[in-house]
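First, one chain by itself in structure tokens, the form predicted on its own.
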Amino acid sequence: MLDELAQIERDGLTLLAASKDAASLERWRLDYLGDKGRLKQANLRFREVPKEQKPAAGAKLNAVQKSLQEAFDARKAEVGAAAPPTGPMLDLTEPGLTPPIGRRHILMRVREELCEVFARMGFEVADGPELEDEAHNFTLLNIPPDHPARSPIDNFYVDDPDATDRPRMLRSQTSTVQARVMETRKPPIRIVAPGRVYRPDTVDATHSFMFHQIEGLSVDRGVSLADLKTTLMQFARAYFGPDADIRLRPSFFPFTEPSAELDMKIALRPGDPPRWIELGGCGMVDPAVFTACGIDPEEWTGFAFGFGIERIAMGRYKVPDIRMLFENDLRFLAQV
């Protein structure tokens, strides 16, 4: 046993000295120090050594194992220090690379910008639930029961409208917030209500089944159509610049009378000529809406307006397709 251990030590040290790289060192380790290596096999045969020789054989076994392990560690350090570097060289004196910094999504930024513009004109921000009831979405806004806008084909109903008197639905307009504010607060009122709305529209370059609106409402004594036009003009020039060109086209909405569509000349692509783009609707609040919400139309008048935030973002940042705002393509989001 003693002679065998001495031979293992001599052979191991000789082969270890000849190992020149990490691969040969690993093969040596497995051959001599591994679970199936020569030292492990010698240790298994230790039980066959006569009792009187066990002390000497055990001491020799420990000494050989320690000797080979220390030699392996030393040789491994030598080979590692002598190995040439691999891969690209790193110049620690070069300036570091600045990691990209995230920012808020373009729609959230535009929403905050719009609220800030209207805040400078005295409007405060109001909020309301996205899961609405039919009364606030239609009835209080002077939309009669037989109006086609109530059709389940054009709305996302949560409850069957034929099975309950007050079915719930995903709101189709943020005008519901105006109704809720007028129900619970006395004039004067001056609010904007940004938020998500839902309609089962076919998705294309200018439509989506979920989009964002910002509604405005001003109620006070003596409010006129001139106040509405002045507010919209001031908004357009504050947000799009002093050369903003807008127009009001006569229209019809059940909750305003008179009503108008707000258009603005916008170039959706750099280099394209500006063309009229509809931003939303507006008008003087219909007296029937005031009455339904508990406000005396003989004492108070008001105007309301509603814009699509996506349309404004597309005009401000020259985005030609609304779908680009929801695809989360980092190449696009890094540009706007």
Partner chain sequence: MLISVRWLNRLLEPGNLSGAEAEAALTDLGFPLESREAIAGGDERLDVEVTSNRGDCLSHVGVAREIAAATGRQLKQPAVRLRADLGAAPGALGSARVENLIADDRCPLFVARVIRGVRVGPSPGWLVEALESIGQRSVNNVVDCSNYVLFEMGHPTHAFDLATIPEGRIVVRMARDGEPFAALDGRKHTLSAQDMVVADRDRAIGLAGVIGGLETSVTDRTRDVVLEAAAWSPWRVRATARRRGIRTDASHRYERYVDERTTAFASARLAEMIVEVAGGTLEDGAAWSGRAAPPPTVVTMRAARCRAILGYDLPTAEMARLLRAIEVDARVEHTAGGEAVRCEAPPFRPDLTREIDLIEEVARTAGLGKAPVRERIEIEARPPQNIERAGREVASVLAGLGFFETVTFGFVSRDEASAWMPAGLSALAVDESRRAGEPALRPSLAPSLLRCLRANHHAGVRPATGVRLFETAAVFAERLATRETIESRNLGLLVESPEGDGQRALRELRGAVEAAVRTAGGSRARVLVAPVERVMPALAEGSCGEVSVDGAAAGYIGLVGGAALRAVGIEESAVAVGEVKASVVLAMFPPAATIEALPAFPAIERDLSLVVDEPTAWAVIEAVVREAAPDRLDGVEFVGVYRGKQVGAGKKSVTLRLRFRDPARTLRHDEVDPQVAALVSAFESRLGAALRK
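Positions refer to the first chain, counted from 1. Just so it is clear, the model here is predicted, and its values are computed rather than measured.
There is also a form predicted in complex with its partner chain; it is not shown, and the following applies to it.
Can you work out whether its partner chain is within 4.5 angstroms of a heavy atom in all three of G122, D227 and E257 in the predicted complex? Verified in the predicted complex; spot residues all in contact, yes.
Any non-hydrogen atom of F72 within 4.5 angstroms of its partner chain in the predicted complex: It does not: once its partner chain is placed as it appears in the predicted complex, F72 has no heavy atom within 4.5 Å of it.
Quick check on I143: any heavy atom within 4.5 Å of its partner chain in the predicted complex? Residue-level check for I143: no, no contact with its partner chain.
Would E298 show up as a contact with its partner chain in the predicted complex if we use heavy atoms at 4.5 Å? Yes, E298 sits close enough to its partner chain in the predicted complex that at least one of its heavy atoms falls within 4.5 Å.
Would M210 count as a contact of its partner chain in the predicted complex, using a 4.5 angstroms cut-off between non-hydrogen atoms? Yes, M210 sits close enough to its partner chain in the predicted complex that at least one of its heavy atoms falls within 4.5 Å.
Its partner chain isn't shown here, but in the predicted complex which of L90, A205, M108, A77 has a heavy atom within 4.5 Å of it? After the contact test, the surviving option is M108.
Stretch in contact in the predicted complex with its partner chain, which is absent here, among 42 to 50, 264 to 272, 55 to 63, 279 to 287 (heavy atoms within 4.5 Å): Careful reading of the contacts points to 279 to 287.
Hey, which residues along 217 to 250 are within 4.5 angstroms of its partner chain in the predicted complex, non-hydrogen atoms only? V223, S224, L225, A226, D227, K229, T230, T231, M233, Q234, R237, L248, R249, P250, in sequence order.
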